[in-house]
Structures are given as C-alpha cells and as structure tokens.
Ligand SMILES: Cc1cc2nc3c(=O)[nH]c(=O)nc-3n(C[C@H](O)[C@H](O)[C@H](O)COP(=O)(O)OP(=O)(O)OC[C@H]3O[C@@H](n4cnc5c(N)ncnc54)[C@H](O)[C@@H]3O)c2cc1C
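The chain below stands alone and is given as structure tokens, in the form predicted alone.
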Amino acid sequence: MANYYLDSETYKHHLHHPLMKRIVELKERNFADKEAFDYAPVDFEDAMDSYDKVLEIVGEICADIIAPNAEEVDHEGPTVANGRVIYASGTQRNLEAVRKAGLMGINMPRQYGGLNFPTVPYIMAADMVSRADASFENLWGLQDCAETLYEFGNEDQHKRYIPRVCGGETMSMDLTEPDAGSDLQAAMLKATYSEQDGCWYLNGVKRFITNGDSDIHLVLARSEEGTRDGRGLSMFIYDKKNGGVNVRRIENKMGIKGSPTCELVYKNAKAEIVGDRKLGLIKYVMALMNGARLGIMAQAVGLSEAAYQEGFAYAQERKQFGKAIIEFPAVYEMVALMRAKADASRSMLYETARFVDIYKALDDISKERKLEPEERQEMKKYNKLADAFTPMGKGMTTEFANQNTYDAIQIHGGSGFMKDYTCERLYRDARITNIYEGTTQLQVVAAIRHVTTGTYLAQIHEYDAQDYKPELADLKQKLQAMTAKYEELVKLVTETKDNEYIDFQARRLVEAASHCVFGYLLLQDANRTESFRRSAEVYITYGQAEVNKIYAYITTFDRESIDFFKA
C-alpha cells in the first residue's frame, strides 16, 4: 500500500532532528497532560512515537485518497450557488477523510480537542498533503488560523471556536480587498460598534479570499473612523452561522482550482473583536502572515517533491535514440538539480519550523509564568531566527517550486504540455506560491535587514563551527568560500550608505545568503544521513556557481547605471 510518509527516509530524518528533544520538552510542559488525557505522551519517546504514527496515517490518506482525487478536483473545481460554495466531490471526500482521522486542529492544545503537536510534525503533514494536492492544502492548512486565535483571542473565544476547528470546521483569513493587496494598511472594510447590541458589524468587500466560505473567519477591518493607515485596523472573528456574508463569485484561476478563492460581500455581518483595537494589522496579521508563509513553504516543498517524482519517473521510462532519456547529460543534470532543490527546500522548511516551535512554546509558557533569564534569551534568539528564516525560506522555496515544476514539464517534452500528465497541473499550481502571502519581492524587503544586520552571517558561522565528517571537508570548504564572497558583497554594498543602491542589490544579497544557508543545511543532513550526500554535492556546486554570478554582477556594477532600469 502506498504511503507518502514511508516511501522515503527524508521525513523521519527531519522529524528526529536533535532539536526535537528541546521542542517536545517545551511543548509538553514536562508531560503534564498525561494525567488528564489518555492519549497524551508520558515521555519524549512516547511523544515521538505519536508523531510518527499520526504522520503515517497522513501519508496513507495522501497516497490513497487525496492524490487519486487531485485530477478530478482540478477539472471539477468548486462552484457557487445562492451565495454559498459547493466543494468539488473529491474535495468533500478529502475533508471527510481528514476529519474522520482527527487531523483537524492537529497543533491545538488537548483541552480544546487538539493533538498538541509542535509545528514540525504539523508542517510535515502539510508538506505531504501538498505533494498529494496543493489545492487541498489550502483548505486543510488554513486551520493554522486557529493558532492566531489561540495566541491572541481570549479564553472564552478559545472555548467557543477552537474545539469547532478541531472537530472539523474550516477557517479563512479575510485580509485583501479590491484596493488593498500587498498594501494591507489600505483595507477599508468597515467595522462599526453597536452600543445597543453590544457587538460589532462589518460592511464592505473582501477579494481573493482563500476558502472564503469557511465556517470561521478572521477578518481585518477598519474599526477607527476617519483613519486610513494600519493604526485604524483591528481583527475580528466572523462566524458563518450568524449570516451576513455572501460569496459574490469564485475566481477563475490558473491553478489550485480545488481551493475556492472568493469575493465576499459583508452586509451588517455580526462579528467580535480579537485582542485589542488598532492592533489588527500591526500585530495580529503580521503573526498570522508569518504562520501562513510557513504553510506556503510547505506547499512549495510538496510541489517540488511531486515535480521531481514525476520528472524522474518519466525520464527513466521515456526512450529516445535507443536509450532512456535520463542517460543524457542534459536530462540527468536537470533531474539531479530538481532532487537537490527539493531536499534543500525541505531542510530550510524544517529548520524554520524548529525555530518557530521553540520561540512560540516559550512565548506560550510566558503567559503561564515568568520566564527564567536564560529562557528569555532563548526565546529572543529563536524569535529572531524565525523572523529571518521565514522570508528567506518563503522566497527561495517557492521560486524553486516554480523551477522544479517547469523542469518537470521540460523533461516530459510535448507530453508535459498536455493535461494527460500530472506535471501540467503541478506547474499551474506552483505559480501562485511565490505570489500569495507576500510576493518574492516582498520577502526580499523583509529579509534584507537580516543581511545588513548580520543575522544570516552569524547563523552561517554557527553552522560552519559544527563538526563534520572528514569526507565532507571539500563541501565545507566550498561553503566557506561562498560565505567569504557573500560577506564581502554585503560590506561592499552597505558601505555605500546609498539606500536606493542597497534596495537594488537586495535580491542578489538575499539569494547569496540563501545559497550559503541552504548549502550548510544540506551539509548537516549529509553529516547525519549518508543518503543526503548527493543532494549536498549537487546543491553546493550549483550554489557556488550562483554566488559567483552574483559576485561578478555586483563587483562590476556601475551604480550610475541604475537609471537604465527606471521606466
């Protein structure tokens, strides 16, 4: 029987990373839940066994149900009738399967019906779901909105809403509007408080809302009359049971067709505020977006993996000039680089997830008791690393997903252009990943400060200081040479103190840092598990060439020629 979790040692390799000991220790609070819940782990080994068993169930559902439904879902898609969304029949079967398996609310606390899993196994499940069908990940993965509700909602809201998510209800984040896409501070959906009713009412239009007819919505709305910036926005919960919101239409999209992207009309929709007024964008949406970006990274990794699998299988089967095309250098180089990019992307995904796990667990503990000084330092460290790795990871993994799906079609040749082959759908599905939840260009804007302040360089040096097997010495030397060039470029660009020039070169600097980080992560993987050795060799060779190109471009660039690029 097929199983996406068991068909590769990759997942268990990442699940059993050394940092998991600390993550489980923090998440389980010395395994205090074992007295109250019979399914709570009693020790570290028991917790890891729970993650392993649940991920095996996810892998089975992905292989036996979600993946076989994917083509049908892509062709059928969702529809809208009388202001409500009707999912494709395959999507309905997918939802039923994950609900029956208890996989909704997987990362929520047990007192609300969740499994209390850390981010790492949750994101691992998202990775596998995305490999099976990226459009379904957009529905299942939005349960991550419950994390924001748990982090910023009050206890009453926790008790009323989170058990519903754990029980199988869906969520959405209603942020963008016709005139407020990347610039969310321009959102104008109006929130009005009624003293008579003691509640808020929402009026206006939201656009490009993923799973917009969900059961529970987190909504960004303007609560402060007369304002036009981010300080006038608050976050609200809208419950579909209360009515007042209709789906005007479902967008006719290029890809991820199983996931309904909706335009919503709010007409006196009853809502309740989350947290404090005026912090909707400044605090809550920023936290929500970071979680969503980690989810998109998982989606990109799943797509990269699926593209590699399709390309590799076809290259082995397809014969031209009397031999399989994988025997031609032009093809086997492409296949090897696809494998390396998928492995590097996955390593970045789980490294980021580990950073998120530690800082979020400590933040949660800080609401129960005062943190010790060393715990505060630990939380600060991992919060900073998560803040740095999220935009870098989201930017690079989604670009790699687009490259891998492109190459999968190229390997298929003319057949890849036909809808008979899975790679055609993967290519369309991947295209949105480097656009939504912040384009790659916006990720560069978020990441560049970690270039200029040295966050990436400090972490690269930390990776370099680790002990590696002697047979990996050549790869480590290549990474050290790449790092030296990156450090030189950062100094060269920042010493100009020319903000326009720094912004112009930002993408190249972030990419150079990324190749160093991704390379070291793969080196660590190869140090722990021999099967990663080939991907480390391929990726580091590729990364070295890319850093050399960036180095040549920046060191020979005439700053005055920036004007050539202006409209």
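It should be emphasised that the depicted structure is a prediction, and the values quoted were computed from it without experimental measurement. Note that residue numbering follows the sequence shown and begins at 1.
Beyond what is shown, the protein has a form predicted in complex with this ligand; the following relates to that form.
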Original post:
Given that this ligand is left out here, which of Leu472, Ala287, Ile435, Cys199 has a heavy atom within 4.5 Å of it in the predicted complex?
Top reply: Ile435
Original post:
Of Asn252, Gln441, Asn154, Ser194, which residue is found within 4.5 angstroms of this ligand in the predicted complex when only non-hydrogen atoms are counted?
Top reply: Gln441
Original post:
Using 4.5 Å between non-hydrogen atoms, is Gly181 touching this ligand in the predicted complex?
Top reply: yes
Original post:
Does any heavy atom of Tyr463 come within 4.5 Å of a heavy atom of this ligand in the predicted complex?
Top reply: no
**OP:** Classify Thr210 as contacting or not contacting this ligand in the predicted complex by the rule of any non-hydrogen atom within 4.5 angstroms, answering yes or no.
**Re:** yes
Subject >> Heavy atom of Asp174 within 4.5 Å of this ligand in the predicted complex >> reply: yes
Original post:
If you check in the predicted complex, do Ile256, Thr261 and Val445 all have a non-hydrogen atom within 4.5 Å of this ligand?
Top reply: yes
Original post:
Among 227 to 235, 356 to 364, 166 to 174, 338 to 346, which stretch sits within 4.5 Å of this ligand in the predicted complex, heavy atoms only?
Top reply: 166 to 174
